[in-house]
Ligand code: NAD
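Shown next as structure tokens: one chain only, the form predicted alone.
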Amino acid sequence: MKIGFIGLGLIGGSIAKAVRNKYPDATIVAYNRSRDPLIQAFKDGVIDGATFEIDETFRDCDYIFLCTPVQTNISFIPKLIPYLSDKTVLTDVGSTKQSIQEAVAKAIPGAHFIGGHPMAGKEKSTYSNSSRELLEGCYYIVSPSKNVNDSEIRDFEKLIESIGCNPVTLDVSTHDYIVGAISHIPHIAAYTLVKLVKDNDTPEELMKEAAAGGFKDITRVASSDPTMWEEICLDNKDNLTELLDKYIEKLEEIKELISKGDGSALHKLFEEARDYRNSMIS
């Protein structure tokens, strides 16, 4: 088995490490814009070949994982065309699915493309923070294009399962709406909470100094890569606009209850939210 990685950051590095651990005889090759991750991955024994260009290195791959930000992934699609064979399944790990599936269909109408999104991550996005354990037990959303057959989907799901993930199939529009609510809006909320404190802190920065576990826990993801989240927000703007309107309505509702001093209504809202949160799988 030969697997190529375009981008060797947190997710690409973690998948590559998990594949190497499960399939020690696989051939793993990688492109990365910067040199250090490739050097380290080679020293780690994770990859067999490295390149700074999309070139012959990627010929005859069974799978090629696009592991850069969404719009950057899309920019690589035309460059890969000469190296895709009938056996190559092209996939990605991006946080939105509709735009890249449309881009692949336009650039390579016959491509065997399976959109993918491992629901795992950290606030630090570099190869040095990657680990094969990052993926263990996570849901891995799979959004196949019309050009892949059932056998290819099953084989891809088996690969995903073998490295510890739980594949879940979703169409692209459902995926983008769901992750908008459970991933994208929380990141936006974290960034804006940090900005709220920054803009309203005392001259002595007492808010910053006094920030304890609760604030740091809820805003941890605000340490994520701003470029990646800029692209995600713009790529999923219709869903996020709709969901932000609903989130703002909830904030306005709480604001009104606090303003009126309606403790019982506040208690009920907090209780319902607590019970729903406690019903989620930890």
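One rule holds for the numbers: they count along the sequence shown, beginning at 1. Keep in mind it's a predicted model, so treat the numbers as computed, not measured.
What follows is about the form predicted in complex with the named molecule, which we do not show.
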For the named molecule, considered in the predicted bound form: do all three of Thr91, Tyr140 and Ser173 come within 4.5 Å of it, counting heavy atoms only? no
Only one of 201 to 209, 140 to 148, 121 to 129, 107 to 115 has heavy atoms within 4.5 Å of the named molecule in the predicted bound form; I'd like to know which. 121 to 129
Answer with yes or no whether Ala18 is in contact with the named molecule in the predicted bound form, where contact means some heavy atom within 4.5 Å. no
Is Asn73 part of the interface with the named molecule in the predicted bound form - any heavy atom within 4.5 Å? yes
Would you classify Cys67 as touching the named molecule in the predicted bound form, given a 4.5 Å non-hydrogen atom cut-off? yes
My question is simply whether Asn32 lines the interface with the named molecule in the predicted bound form - judged by any non-hydrogen atom within 4.5 Å. yes
May I ask you to list the residues of 1 to 20 that have any heavy atom within 4.5 angstroms of the named molecule in the predicted bound form, in sequence order? Gly7, Leu8, Gly9, Leu10, Ile11, Gly12
